[in-house]
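Consider the single chain below, provided in C-alpha cells and representing the form predicted alone.
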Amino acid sequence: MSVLLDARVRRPHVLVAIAVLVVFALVALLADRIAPHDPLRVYPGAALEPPSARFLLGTDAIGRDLASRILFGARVSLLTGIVAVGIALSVGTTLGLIAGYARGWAEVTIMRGAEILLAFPGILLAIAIVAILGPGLTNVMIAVGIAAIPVYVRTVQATTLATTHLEYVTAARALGVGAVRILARHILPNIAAPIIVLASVGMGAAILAAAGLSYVGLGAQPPTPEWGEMLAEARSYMREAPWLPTFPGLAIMLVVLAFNITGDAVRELLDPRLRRL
C-alpha cells in the first residue's frame, strides 16, 4: 500500500488538490473566526471598492466585504455538496443493492425508473425538481441529490449482480443468512470502491450544479453568501468591478477541480485494473 500511495496519491498535483480541499474545509469550519467582516453587513459609501487593506477582495454593489462572503460561501457550497451527495449515495446505493440482489419485478421497476431519470440531462432534471419544490438552498440540495441517484443505482446494481454469484455469497445463502445481512455484511463492503469513487467525483459536480442553480435564481436567495448567487449579483458590474465575478468564480473552479483530481486519484487507487498500470 505504501508503494501504491507513493505512486498514485503523492503526485504533486494530487497533493495540491488535497491541500486545496483541506484549506476550504478549514475555511468553512472557521469562517466565523477568520472572516474579517460580517458577510451581511453593509458599509455605507463603500460600494464597489476595489481590493484594499480594509477590504482584501473589495466590496460588492451594496458595500459588503467580498472576502468575508467568499469565506462563508465555502461553508454553504461544501454543505450543499455533502448533503446532495449524501442523498444520492444513500438512496441510490439502497435501490441498486435491491435491484441487483432481489431481481425480478423489483429490479425491473427500479432500473426502468432510473433509466427514465437518466433520459433527462442532470441539470435540467434538477431545475425541474426545484421548479416543483420552489427556490431555496434546501430544495437545491434535494434536487441535485435526486438528479444524481440514477448513476449510483446503475453502478451499484451492476456491481451487485457481479457479486451475488461469488462463493462467499452462495455460502452465506446456504447457511440461511438473511438477505439484509448478506447485503450489509458481504456484498456492500466488497462493492464499496466504485461507490467511494462516485461520491468523491460527485462532490465537485454537486457543488457546480448548485452554483449554477443559484446563478439562475433557483438556489440560495439573497443575502445568503453563496458563490453562484454572488456570481449572479456580479453580472451587471463585470466591467467596472471585475473582482466581483473573479474571486467567487476562482473559488468554484478551485474546489471543483480539486474534487475532480482527488476523485481520479481515488479511482486509480481503488480500481484493481489501474493498479497494474
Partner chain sequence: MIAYIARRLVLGVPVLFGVSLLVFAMVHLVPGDPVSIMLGESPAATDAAALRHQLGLDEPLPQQYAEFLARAVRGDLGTSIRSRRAVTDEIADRAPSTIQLTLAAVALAILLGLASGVLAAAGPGPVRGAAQVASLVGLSLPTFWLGLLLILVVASWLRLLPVTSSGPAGLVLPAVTLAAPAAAVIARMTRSTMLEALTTDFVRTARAKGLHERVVLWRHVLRNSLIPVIAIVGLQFGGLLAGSVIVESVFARPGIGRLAVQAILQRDFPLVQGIVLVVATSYVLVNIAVDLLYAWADPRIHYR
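Numbering follows the first chain given and starts at 1. Everything quoted here is computed from the prediction, not taken from an experiment.
One more form of this protein should be noted, the form predicted in complex with the partner chain, which is absent from this view; the next part is about it.
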(request) Decide whether V256 counts as a contact residue for the partner chain in the predicted bound form under a heavy atom distance cut-off of 4.5 Å. (result) yes
(request) Answer yes if any heavy atom of L269 is within 4.5 Å of a heavy atom of the partner chain in the predicted bound form; otherwise answer no. (result) no
(request) Mark G217 yes when one of its heavy atoms lies within 4.5 Å of a heavy atom of the partner chain in the predicted bound form, and no otherwise. (result) yes
(message) My question is simply whether A174 lines the interface with the partner chain in the predicted bound form - judged by any non-hydrogen atom within 4.5 Å.
(response) no
(request) Select from the listed residues A179, A106, A128, I196 the one whose heavy atoms reach within 4.5 Å of the partner chain in the predicted bound form. (result) A128
(request) Consider the chain as shown here, without its partner, and state which of L250, L48, L26, V42 has a heavy atom within 4.5 Å of the partner chain in the predicted bound form. (result) L250
(request) Could you tell me if all three of L117, L231 and T246 have a heavy atom no more than 4.5 Å from the partner chain in the predicted bound form? (result) yes
(request) From the candidate stretches 66-74, 207-215, 48-56, 27-35, select the single one in contact with the partner chain in the predicted bound form, where contact means a heavy atom within 4.5 Å. (result) 207-215
(request) Residue by residue through 131-160, tell me which have a non-hydrogen atom within 4.5 angstroms of the partner chain in the predicted bound form. (result) A131, I132, L133, G134, P135
